[in-house]
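Heads up, the chain below is alone and in the form predicted on its own; it's given as structure tokens.
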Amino acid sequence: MAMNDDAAFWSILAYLISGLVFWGGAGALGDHFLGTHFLLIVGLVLGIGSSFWLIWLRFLKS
């Protein structure tokens, strides 16, 4: 199933935003409840990494 460029752009943007929001939020909650100050950064890095991986699987892998 072929997607047009506009739909692909919005899908990629949604992957990037949702990965950052979900994993960054999980890190922020972990920081709040555990009293640490580094889990937000870990969550954001994990979120962007997982987003890029999903984008690669969906759009770039042949």
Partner chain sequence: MRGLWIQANPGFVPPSSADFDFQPIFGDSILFTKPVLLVFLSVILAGSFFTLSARKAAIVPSKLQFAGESIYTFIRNELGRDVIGPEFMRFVPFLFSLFIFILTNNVFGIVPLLQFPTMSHIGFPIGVTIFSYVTYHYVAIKKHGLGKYVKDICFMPGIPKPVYLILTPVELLTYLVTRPLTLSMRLFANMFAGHLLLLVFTLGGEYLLTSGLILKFLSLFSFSFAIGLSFFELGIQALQAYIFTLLTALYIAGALADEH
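Numbering follows the first chain given and starts at 1. Please read these numbers as outputs of a predicted model, since none were measured by experiment.
As for the form predicted in complex with the partner chain, it is not shown, yet the points below apply to it.
J.: Is residue 10 a contact residue for the partner chain in the predicted complex, using a 4.5 Å heavy atom cut-off?
T.: Flag for residue 10 set to yes.
J.: Looking in the predicted complex, any heavy atom of residue 39 within 4.5 Å of the partner chain?
T.: Answer no; every heavy atom of residue 39 is more than 4.5 Å from the partner chain in the predicted complex.
J.: What residues in 22-37 sit within 4.5 Å of the partner chain in the predicted complex, counting heavy atoms only?
T.: The stretch 22-37, when checked against the partner chain in the predicted complex, contributes 22, 23 at the 4.5 Å heavy-atom cut-off.
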